[in-house]
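Just one chain is shown here, as structure tokens, and it is the form predicted alone.
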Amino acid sequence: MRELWEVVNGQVEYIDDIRLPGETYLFVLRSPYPHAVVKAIAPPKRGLLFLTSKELTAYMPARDVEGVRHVARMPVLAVDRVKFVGQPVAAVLVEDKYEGEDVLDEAYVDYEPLPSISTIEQALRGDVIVHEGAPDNISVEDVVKGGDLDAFNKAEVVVESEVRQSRVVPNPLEPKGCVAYFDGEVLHMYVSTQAPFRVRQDVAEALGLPPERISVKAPRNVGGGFGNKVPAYPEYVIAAYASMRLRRPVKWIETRREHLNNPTHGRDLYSKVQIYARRDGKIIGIRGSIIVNIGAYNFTINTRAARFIASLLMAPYEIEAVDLRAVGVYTNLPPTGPYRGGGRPEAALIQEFAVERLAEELGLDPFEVRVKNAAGDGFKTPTGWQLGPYGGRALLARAAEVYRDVTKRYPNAGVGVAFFAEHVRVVPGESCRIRIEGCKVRVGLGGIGPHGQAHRTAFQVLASRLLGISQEDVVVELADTEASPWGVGSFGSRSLSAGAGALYDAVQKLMAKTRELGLQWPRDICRAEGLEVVGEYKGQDAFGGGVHIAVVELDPDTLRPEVKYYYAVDNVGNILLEDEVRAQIEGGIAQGVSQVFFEEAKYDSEGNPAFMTIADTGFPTAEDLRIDPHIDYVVIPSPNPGGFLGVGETGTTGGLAAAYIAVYKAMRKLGLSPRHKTPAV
């Protein structure tokens, strides 16, 4: 596939490859303290421009804040206080990028350190307050409930389970970066992003500019995103503002060291839930609390995290009631945000560990407990999700024989099962512009921001099929606010489901237009030169599903975990590029398992990072994780046009829960307490 080959052989463009004439370079001075008063700032002697919050007073947008108890938006540059290590305090613009660090060293900041906190437990104790307006450090507190709450009274057994999910650093191959250039009328921005329209809206709100005066494009390759490259960041706003002041291009490229302490981090939550059931294993409902450490500020959509996780809990099970407390707390750590799966893997781990504990308590086969409670297609969860044809029972039937086999073949190993309904975010849709140019069809899906999924090839293949022309006659333009009227982004496994819907609509309009003009398609494609149509699709969210089985052994001496076998069967919807479906699931599994085995961004109790390099955060190499998963499919078309389902996150959703439970059970077989930590886990 040409799209992948140009990446492998180094012929693709990344953000740092974009060079504009006369560009200048942005360097950011960051807080070394997790909490401190900024008493004074002395500028460097050199530099084109030096900025503090006195020159640039602006705040980053926080989304989904309606009904939130307390909102603390992150300042682009610190105002009076800093609240996490790495927070931007000042910025300098230089002519020569090789002098940037030296010029930055000439600036001086006088800090007065303050008490600080890093954990959920510290936040809830309230001994240290992160924001004066939130005396209990709670930003979000909500109750997610639904169904027949009286049904809890029918329970014959209540089993409690606790899970702590560590904070992790999303690590794309290329860190974040941007190039901003204001030409006097339009602010042009090249950004390493998954969501150009979101970046445009964030920068517009932060600087008070009309979005129409901002153009955002991504380079051809962004080196991965994992949710970290959806929103705009303070550095993008600083670069835009500086370009407007200097009337010159401004480039900022994040270093790996900056990236490790910059927003957004992933996960970092604690859950304690009680599963209510009958003694025959029939689950009635779930109660408990989900508490997310959102870090120092409300940033991007971290206010949504706890509520979204709570709403997804127990989705594939036919239960009667849900009653959960969803909380987001402030600490002196970098803000968290969606990380591959953005709530789906977290929810699957909490629910599947709870089901495992229930089976353990009742002495039942955990796989049979899942079969007994699996919801049928079309089930509506107590929290309101309509599962549609997600395929849960068919998936369990496909996986049953594998489960029986591995429990016999690996008697000394832990066998972890993850059964889940995978949410695919389609709403609020995407738009698509098609125009005829040079006897070719140019397909513009500006909201789609590919970050490793071969989207260009996928939409080229789909468009050629729908239009009855060769793939060579289709040119796909993605990740560009000029390519289509509006868009949302690539996350939540949504690109193909939402993008295909918009493409279908645009193709229908193109065909109608050519008929109206008396043209015969595709014979008269060259006579349609300049013809342009716009389609859109707002659609509905969809659900796929999966069953993942991980077999893990612990070395009796070192307790180092090893994956002995891994099986995954997922409902992938209609398949467009089979190799990409497999690759996305395999990559997702590796990411989920790695989080259990290796990854954690550790901080001390005051919020100081205990890592200096990417290796210190547990980032594994291919040598560290040897895994050859057996990938299986069930194809059930989704209700959306084309019947597609995204698969970018299903591997992580299944991998995290299956690996975690497998390690838990392997530890039990060695007589270890669930609270005993192996060297790696």
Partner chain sequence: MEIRLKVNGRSYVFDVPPRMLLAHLLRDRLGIRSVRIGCDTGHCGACTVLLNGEPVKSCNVFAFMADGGEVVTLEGLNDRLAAALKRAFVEEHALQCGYCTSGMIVSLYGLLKDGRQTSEGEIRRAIRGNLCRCTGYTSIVRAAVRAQRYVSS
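Fair warning: this is a prediction, and the values are worked out from it, not measured in the lab. Just so we're on the same page, rigid core means the largest C-alpha set that superposes within 1.5 Å between forms. Residue numbers count along the first chain shown, from 1.
Another form exists, predicted together with its partner chain; not displayed. Remarks below refer to it.
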- [ ] Would you confirm whether the three residues 17, 98 and 339 all fall within 4.5 Å of its partner chain in the predicted bound form, going by non-hydrogen atoms?
- [x] yes
Open item on the list: Since only the chain is shown here, I'm wondering whether residue 222 would be in contact with its partner chain in the predicted bound form (any heavy atom pair within 4.5 Å).
Closed with: yes
Open item on the list: Although the partner isn't part of this model, could you tell me whether residue 583 comes within 4.5 Å of its partner chain in the predicted bound form, counting any heavy atom of the residue?
Closed with: yes
Open item on the list: residue 626 versus its partner chain, in the predicted bound form: is there a non-hydrogen atom within 4.5 Å?
Closed with: yes
Task: Heavy atom of residue 451 within 4.5 Å of its partner chain in the predicted bound form - done: yes
Task: Which of 224-232, 155-163, 468-476, 374-382 lines the interface with its partner chain in the predicted bound form (heavy atom within 4.5 Å) - done: 224-232
Open item on the list: Just to confirm, with a 4.5 Å cut-off on non-hydrogen atoms, which of 148, 368, 437, 102 contacts its partner chain in the predicted bound form?
Closed with: 102
Task: in the predicted bound form, the one of 599, 323, 356, 480 near its partner chain [non-hydrogen atom within 4.5 angstroms] - done: 599
TODO: Residue by residue through 1-29, tell me which have a non-hydrogen atom within 4.5 angstroms of its partner chain in the predicted bound form.
DONE: 1, 4, 5, 7, 8, 9, 10, 12, 13, 14, 16, 17, 19
TODO: Would you say whether residue 10 is displaced between this form and the one not shown, judging by a C-alpha shift of 2 Å or more on the superposed rigid core?
DONE: yes
